[in-house]
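Listed next as structure tokens is one chain, alone, in the form predicted on its own.
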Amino acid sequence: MAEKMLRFVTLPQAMPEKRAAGQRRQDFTEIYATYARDKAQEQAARCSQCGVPFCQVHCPLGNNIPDWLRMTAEGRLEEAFELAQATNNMPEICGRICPQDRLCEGHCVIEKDFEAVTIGAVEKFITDHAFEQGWVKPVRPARELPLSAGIIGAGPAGLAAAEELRRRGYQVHVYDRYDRMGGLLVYGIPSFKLDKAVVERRIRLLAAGGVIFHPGFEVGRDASLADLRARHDAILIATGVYRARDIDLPGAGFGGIIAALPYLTAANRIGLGDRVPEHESGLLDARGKRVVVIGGGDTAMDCVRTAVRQGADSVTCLYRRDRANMPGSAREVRHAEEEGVVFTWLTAPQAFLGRGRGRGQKITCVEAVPMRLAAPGPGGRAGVAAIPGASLHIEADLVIKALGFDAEDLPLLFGEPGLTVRADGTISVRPETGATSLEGVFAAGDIRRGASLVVWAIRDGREAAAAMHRYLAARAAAQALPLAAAS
């Protein structure tokens, strides 16, 4: 192993080839190529195989990163893939969109002096190579079980749970309001980060394994939660959170001020070849406009980089804290800056100015105030305070609010007042099981924990599937059904 590994002392970090900024501004193609096999093996060999793998500790899925890096370095690619997928239902997706700089790579012990191992790029290579070689197979349960599970939401939490439950032999049905499965993987995340063909390939694999999908199915419209509970032996709610946080400032109702998700959804639909109503496509298109995006998370980064590709005249990102305290990926910020986005740090909007009258008034300018960092709040995050007497004006034809998401009123939407939710609308669950206040109903992903990362949603989905299996096994035992004891 010593010959193969620990090469960080002689071999510099090298990401896969990245398309030039001028080129990638013109389209929505993924910006990174995939490693050639020899380069993936070389970069994997930089791993120090440390005694306490902080990369694994700081991965929400607990991926066995050092082991599959060593297998990749030694050319044992099928074994590396098998190990990678043992803890992750979507390694090809996580390898593309996880903020590795904040998670595994950000805690690589060699980073300080030699730069981190390129864990995400190697993970992407392993799984893409496995698909090319035909190593990725649909789930084939050892036996079919007579109980069924209904999953509401086809995002990463729902899809991960669906695979895990199907692996155990349950009859799995996934219901989603959209016409395609994948949730935000399809409609929220731009294609330059995650090619939609990658998601579609994973959906086809699940369908081939026996997962039954019901697109265009909205709980509360096509059936109530009570109807689905009567239809299935257990239910998982994995809807995600979609209600955009708003901003209450003078002029906030002007035309040209929009929320991030409708904007990203329209862009993704157009990229998929869907017809978007003309009034929506014009309103939600940045071409020729001066765009201001408010926010500093990953959604804001998706918006600024989408606006660049749509042909905006200028794109400015306003964030009330500084670069070091922003919640989004530092890597994404660098990509955006390369593509021409201007970041105005320590700046917050205080009013919107416009032209016209009444309901026809359109945004023309964002009036903003400089901020300074203040003492940390209860959560330890730096506070902010406005600098008195100072202001600046930023011209804008389109303002995109990327301020985060809250949960919709699910008890009302689902027609189920007995479903207990917290003050922020997320579902109240037992932490150890994900069980809700309703018998046989579980929750996973953002609707349980609040808006978070895809990798956390996958973990929640896996854990929820295990808890549902224990519940169903106990129920089967009570009814003397032929179901093995929970594992």
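For clarity, every value in this text was computed on a predicted model and none was experimentally measured. All residue numbers are counted from 1 along the displayed sequence.
The form predicted in complex with flavin-adenine dinucleotide exists for this protein as well; it is not shown, and the discussion that follows is about that form.
Engineer: How about L284 - does it come within 4.5 Å of flavin-adenine dinucleotide in the predicted bound form, if we only consider non-hydrogen atoms?
Structural biologist: Contact with flavin-adenine dinucleotide, no.
Engineer: Taking any heavy atom pair closer than or equal to 4.5 Å as contact, tell me whether L398 reaches flavin-adenine dinucleotide in the predicted bound form.
Structural biologist: No.
Engineer: Can D302 be called a contact residue for flavin-adenine dinucleotide in the predicted bound form at 4.5 Å between heavy atoms?
Structural biologist: Because a heavy atom of D302 falls inside 4.5 Å of flavin-adenine dinucleotide in the predicted bound form, the answer is yes.
Engineer: Is the gap between R290 and flavin-adenine dinucleotide in the predicted bound form 4.5 Å or less for some heavy atom pair?
Structural biologist: Output for R290 is no: heavy atoms all beyond 4.5 Å of flavin-adenine dinucleotide.
Engineer: Answer with one of L165, A307, A154, I126: the residue that has a non-hydrogen atom within 4.5 Å of flavin-adenine dinucleotide in the predicted bound form.
Structural biologist: Answer to the contact question: A154.
Engineer: Counting only non-hydrogen atoms and a 4.5 Å threshold, tell me whether G169, I235 and Y471 all contact flavin-adenine dinucleotide in the predicted bound form.
Structural biologist: None of them does, since no heavy atom lies within 4.5 Å of the partner.
Engineer: Picking from 320-328, 340-348, 376-384, 189-197, which part of the chain touches flavin-adenine dinucleotide in the predicted bound form when contact means heavy atoms within 4.5 Å?
Structural biologist: It is 189-197 that comes within 4.5 Å of the partner.
Engineer: Do any residues of 219-256 have a non-hydrogen atom within 4.5 angstroms of flavin-adenine dinucleotide in the predicted bound form? If so, which ones, in sequence order?
Structural biologist: V219, A238, T239, G240, Y242 sit within 4.5 Å of the partner.
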